[in-house]
Structure formats: C-alpha cells, structure tokens
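Taking the form predicted alone, here's one chain by itself in structure tokens.
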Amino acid sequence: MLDDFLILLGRFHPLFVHLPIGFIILGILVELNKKKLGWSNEALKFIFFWASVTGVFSIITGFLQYQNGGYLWETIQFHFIAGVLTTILSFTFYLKLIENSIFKLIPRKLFIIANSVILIITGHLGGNITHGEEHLIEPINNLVGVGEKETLTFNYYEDFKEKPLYSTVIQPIIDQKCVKCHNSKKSNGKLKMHNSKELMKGGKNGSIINYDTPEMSEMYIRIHLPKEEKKHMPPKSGKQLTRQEISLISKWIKNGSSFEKSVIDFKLEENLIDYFFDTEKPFFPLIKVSAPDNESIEKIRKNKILINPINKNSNFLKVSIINNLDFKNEDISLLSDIAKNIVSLDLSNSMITDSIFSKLKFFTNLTVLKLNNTTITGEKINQLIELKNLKRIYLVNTNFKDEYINILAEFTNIQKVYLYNEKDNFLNLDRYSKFDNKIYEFGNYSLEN
C-alpha cells in the first residue's frame, strides 16, 4: 500500500516541477522591473518563498519517481543536483529579501543571474530525460544540415547476410527515427512502431503497410513526400531518414515487408551493404563487459598506473605502467579486479620477467600486449595461447630467443609481432629470412636506390 502511494506521489513530479519554474521566472521579471513596481519587494518575498517550498516538493516527487520509475541514477543525477541547487538559490534569495544578515552583502543582481542560469540548466537536463539528449540539438542540426549526415551504427555480424533484414537494420532505423513519437506511451495517430506486431497493426487509419500494392503503403508514401509536406515522415522537426535509409525501407516494403527474410534474400546493392554493415571484424573483442568498479580504478591509479577507456562509450580499458617503472611480476595482482576490462596492456620498461606469462593468461580480453625494453626471453610464452583475442605483441629490444618465435605463429588471432632489437644491428640477416612470415616485424627495412 505504501509503495503504491509513493509511486503515485512520484507521478506528480511533472506537475510540481512547473510550479517553481513559474515562480522563479515571475520573480526574475518582477526584479527586473522593480523600479516601476512599488510593491515589488513584498511580492518577491512571497514569490521566492513559494518557489522554495514547491522546489522541495519537486525534489521529493522527482526522487520518488526515480526510485520507482526504473530510471538509472546516471540518467538523472545531474538533473537532480541542478534541481537541488535551484531550490537552494531560491531560498537564499528569499533570505536576502527578508534581510538575513548572512546574505546581506551579496548583490541582488547576482542572485537573479544565478537563478536564471541554474533554471536553464535544470530545465535542459530535465528535457533530456523526457525527450532525449538531442531534443534541442536535433532541430539545430537539421537547420544547418548536419542531421542529414548521420548514420546508424550496427553491430558486426560474421554471418550478417543470414540475419533477418528487419531485426538487423529496419527496426534499428525505426527505433532511432520513428519510435520517439510512436511507442507504447506516446502514439501519434494511434500508431505504435516499437515492435513488429504494433507496426503491422497500424494506426487510426489502419495498416501503414499494403501487402497487395506495396508502393501504396502509407509508410512508403510518407517517407517519399517532400520534407515541406505536412504528412512527410519523420516530421521536419525530427531526425530525418538518410537517402540510404529511405532506399532500404523502400526495398523492404516493395519486396513484401517480411519480418523473417534474410539480408541476402533481399539482394541489396553493394552500396547499401557497405553503408549499413561493417563487414570487417572489429579489432577489440565483441563481447560486453560490465563497467569497472570506481574504487578499484582509484586504488590502481594510486600506484602510478595509467588507466583510460579505449573510447568514451566503452567499458574496455588500456593500461600503462609508464609512470611506475619499478613494476614487478607480483604487481600484476593490482590489476586483477579489472582483468576482464583490459584490452591493451603496456608493461614496457618495467622489471617483469618471463614469469609474468602465467599471470597474463587470465586477462582473457587482452588484445594488445607491449613488453618492450624488458628482460623477456620468451620462455613459457606458450601460456598466452589461451588468450584468443590477442592480436599484437610488442617485444622490441628484449632478450627474446629465436627458438620461441615460431610458437607465436600458433596463436589463434595473432596479426603482428614486433621483434626489432637494436642489439642485432641487422647483422643476423639469416634470422629475418628464416622466419618469413607476415606476422613478424624484425625492423630490417632498407630504402631503394
């Protein structure tokens, strides 16, 4: 019973949140015109008192909505913090207006500027949650033509031609360009497009797909209308379909709008295949790993170990001990908590030995391993054969022995092994001819005359 009541209370957040916004905007307008309004000071006390009170209710209902609405904290945290700051600023301005001594010396103008800025930030962050992160940027991009250059990013499939065209490409396009206005909670024209069942059902005017005369399908007609036309879809204020996306959806509709037929069944042109599918396998592993624990990261960094994500959207990490050249074999245990996240590991110039291999074999997603300028000889390097993702090994200026070089060719996905050694001085030419394999780089380059 209590849980249901709290859920109900949280649902009032969209109502409560507009009250402090209205009070603050009204207060700013009154303050800007205070010379013309003799009653402004008393009115401002009333306005900012209630802006504070309704702000508190907005925070409470917002927090309840977060707890019971299935939102991630990462999604709402900055909006929540900005909302708290908005309420605090409103209340401190109220205290200033009733001549509280603590805020006596702070200029009123500063409060007005601060309230204006924080209100814009809070509103924008709230809009991001409700309407998506591009609800302001999207029309600007469309205005300047940036939006037209956007493309969808699809996962790599080794057997993509056997995958259903609809679930692999068509639905992701619809999700990005149409579902914002046609979903289970918001269905313009009573049309829902968030899954195949709803798409087939259609909207208030019936099905949007005509199986008898495909080119008369409402969906087909709408995407081909000029952007200026009222019935053009997506609306001109929304994210537009690219030329390739229109071509693909058209082909899908004209060939029967099948939800099961594979990519190869539709006989797509090469330009569409190249546009929608990454036919080359990504360099780093395809699997998803959970985000590393922040406490573990901080603990590692305190040992002068450099940690960075491979890109801002990835949980995979690249790690380097460049700032900790006293790093020894036993220090690898520092990285055990994030072993699955590490795809690039640089142990160059450290004090490690061949014993490190028995510990590195547990770094299952390791793709790049750098052991340059170490005393590594290659003994027991065969333990790394278990690392199915390992593609590059750097062994520049090490004591790596020739007898272990061929073992590296047995690694499942190895692409390059860098074995250049200054100590050789390019005198041991037999070494370079003996291991004539594309994966080895010995550095014996020469310029043509």
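For every residue, the number given is its place in the sequence shown, counted from 1. Just so it is clear, the model here is predicted, and its values are computed rather than measured.
Unshown form predicted in complex with heme C; subsequent notes refer to it.
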- Would you kindly say which of 292, 378, 126, 234 lies with a heavy atom within 4.5 Å of heme C in the model of the complex? 234
- Note on the structure: Answer key, heme C contact in the model of the complex at 4.5 Å (heavy atoms) among 343, 347, 169, 219: the residue is 219
- Answer yes if any heavy atom of residue 205 is within 4.5 Å of a heavy atom of heme C in the model of the complex; otherwise answer no. yes
- Query: Hey, in the model of the complex, is residue 164 touching heme C, heavy atoms inside 4.5 Å?
  - Reply: no
- Item | Heavy atom of residue 360 within 4.5 Å of heme C in the model of the complex | no
- Message: in the model of the complex, is there a heavy atom of heme C that lies within 4.5 Å of any heavy atom of residue 113, even though the partner is absent here?
- Response: no
- Given that the partner is absent here, state which listed stretch (87-95, 183-191, 315-323, 349-357) has heavy atoms within 4.5 Å of heme C in the model of the complex. 183-191
- Do heavy atoms from each of 369, 392 and 417 fall within 4.5 Å of heme C in the model of the complex? no
